[in-house]
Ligand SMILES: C[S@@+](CC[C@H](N)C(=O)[O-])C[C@H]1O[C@@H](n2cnc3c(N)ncnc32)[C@H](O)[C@@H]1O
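First, one chain by itself: the form predicted on its own, in structure tokens.
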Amino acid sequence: MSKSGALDLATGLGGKIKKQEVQSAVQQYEKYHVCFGGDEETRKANYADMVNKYYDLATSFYEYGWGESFHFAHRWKGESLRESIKRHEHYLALQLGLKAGMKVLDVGCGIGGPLREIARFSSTSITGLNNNEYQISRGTELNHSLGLSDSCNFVKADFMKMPFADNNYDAIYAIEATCHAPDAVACYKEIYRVLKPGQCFAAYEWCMTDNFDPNNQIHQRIKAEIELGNGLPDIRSTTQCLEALKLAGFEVLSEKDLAADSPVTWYLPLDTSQFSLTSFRLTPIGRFITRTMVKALEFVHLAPAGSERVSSFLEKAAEGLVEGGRMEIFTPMYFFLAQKPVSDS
């Protein structure tokens, strides 16, 4: 099951990075970002290293505070965060028309929480593509513990260079993952290549909305904080995302920012003005306890040096996400459903 204790957090922190090298990895990761003198072109040129370091450093925190599915969700009043996350995943499966016997690809699958939920919901066989060794090891462990090893598996590879044959999958989806791509068109072209003609690709993308003003310094600061705290080379606009799909060859069947009409704000779990027993570890008190605990674990050498700095930039990211959500300049759930033309065979 998902790691939930303090020692689980401490022992998992750093992923596959040697514990004595975690602090150095944190410093190297930070230097990619604007706040520490980095720039967009360097992040794009070194995206694989940057994203791998990010998930080695952050995965243990994500699993501790968020569970197995590392994403936001459209949420109804009276609905718990966990319920909304499952429904968000089911919605994607229904939009793709997934059914038993289909061969499905999850691009950028994390530790496989959505993959397992969608496989059970749709009775499909799902392969999770991930370039982070630590996340794959955790996902494989969870698949086995839940008896899903036969229907769910992982492949370690870069989604910009997939090791799959052309026209290989019946459906492909990505949940808040392809935002890590340094080039959206090239990423979508690779997804297009491995998808069978006539079949669909659906995703939730992280995007800046039309309200974002690149000349507004506050908007720029918020964008930079989100990039730093989430391992992103850049955050595209919804318009750029849509254009990239079309340039890759897809026919866009539908698209919508699901955050725009969510009855409960998507950033509620990170909002320090709110309190929730069901998401206690994400509340101000819960985050304070986590921060204090990490500091103590680092002090007694149960957590590697640099752990508190990871906690710090993740908290900064949470602040940026909440600000971006309140100002409606950022969305983590720009949804689209796109089809590869039947004629492309």
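Only a predicted model underlies this, so the values are computations on that prediction, with no experimental measurement involved. Note that residue numbering begins at 1 and tracks the sequence as displayed.
Note that the form predicted together with this ligand isn't included here; everything after this is about it.
- Listed stretches are 154-162, 192-200, 93-101, 213-221; the contact stretch with this ligand in the model of the complex is 154-162, by a heavy atom cutoff of 4.5 Å.
- Among heavy atoms of residue 311, none comes within 4.5 Å of this ligand in the model of the complex.
- The closest heavy atom approach of residue 131 to this ligand in the model of the complex falls within 4.5 Å.
- Though the partner is left out of this view, residue 55 does reach within 4.5 Å of this ligand in the model of the complex, counting heavy atoms only.
- By the criterion of a heavy atom within 4.5 Å, residue 225 is excluded from the residues contacting this ligand in the model of the complex.
- Proximity to this ligand in the model of the complex, defined as a heavy atom within 4.5 Å, holds among 30, 315, 68, 298 only for 68.
- Checked against this ligand in the model of the complex, the residues 177, 73, 245, 171 give one hit for a heavy atom within 4.5 Å, which is 177.
- Of all the residues from 135-155, the single one having a non-hydrogen atom no more than 4.5 Å from this ligand in the model of the complex is 135.
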